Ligand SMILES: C[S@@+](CC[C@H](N)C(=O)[O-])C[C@H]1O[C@@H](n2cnc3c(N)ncnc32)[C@H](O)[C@@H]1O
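This document opens with one chain alone, in structure tokens, the form predicted on its own.
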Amino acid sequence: MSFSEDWLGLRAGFDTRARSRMLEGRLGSWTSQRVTRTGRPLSVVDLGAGSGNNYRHLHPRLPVEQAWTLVDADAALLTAAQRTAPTMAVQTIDLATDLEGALPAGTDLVTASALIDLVSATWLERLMARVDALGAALLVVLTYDGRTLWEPSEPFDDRVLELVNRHQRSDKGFGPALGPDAALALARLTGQRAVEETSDWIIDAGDMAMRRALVDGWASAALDIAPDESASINSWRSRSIDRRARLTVGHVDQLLIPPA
């Protein structure tokens, strides 16, 4: 599954404001210790990297020399990422079939943004097995957790959310997706070793472009699940696309540091 460069650019500012500074601080402390111990730059692999939003956010916030590899199935998005960092390594890999190949020996940090809610339970188990085998840290951010709140709300919001969350669990190319259960699934796999913090998007009444993009996407997902409710869904879309409301979209950031 791939996303447009325009959408990734639109969401970037909301991602930056939402992300957990506490987890980034913990990761920064660990990276300093790791680089001191290994005597080489921190080797980072960014899975599902898209156009490089995660790299652009995290790279300047880690206090060590870093060597990044951005991995995605969409070569055009990786080309877009290299426009801002021409010397950065990229790999076009289908993560559904070659996850292990994307994570070579010597990887210190595996990171991913808005990815694990798209994958299956089996794929997530493969990811954790590889991360543990490498002795790497794992930072996954902006995992959708099924919460959406309109302020003020209207009665049909709950129905749209129910349909969207059902759509989130459909196959996105990795098998039946974990969707809103992804963060909980990761916590269970790590035996509660992962530290987590919410990283909710806040879309204010004046954030028209973001609200319109979300409403259009949610309406499309709802129609895929319940085409017989098209009249109600399309009416909700028309009312909501320019709705003067504050919108919160729930996400979770999680950090796993390997044992010393």
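Sequential numbering from 1, following the sequence displayed. None of these values were measured; they are calculated from a predicted model.
Below, we refer to the form predicted in complex with the ligand, which is not included among the displayed structures.
Within this chain, Leu118 lines the site of the ligand in the predicted bound form, having a heavy atom no more than 4.5 Å away. Residue contact with the ligand in the predicted bound form: Gln66 places no heavy atom within 4.5 Å of it. In the predicted bound form, the ligand lies within 4.5 Å of some heavy atom of Ser113. Residue contact check for Phe174: one or more of its heavy atoms lie within 4.5 Å of the ligand in the predicted bound form.
Only one of Glu125, Glu100, Asp94, Asp158 lies close to the ligand in the predicted bound form, with a heavy atom inside 4.5 Å, and it is Asp94. The single contact residue among Val164, Ala183, Leu77, Leu139, judged by any heavy atom lying within 4.5 Å of the ligand in the predicted bound form, is Leu77. Here the marked residues Arg11, Asn53 and Asp72 all reach the ligand in the predicted bound form, each with a heavy atom within 4.5 angstroms. Between 220-228, 206-214, 44-52, 30-38, the stretch whose residues reach within 4.5 angstroms of the ligand in the predicted bound form through a non-hydrogen atom is 44-52.
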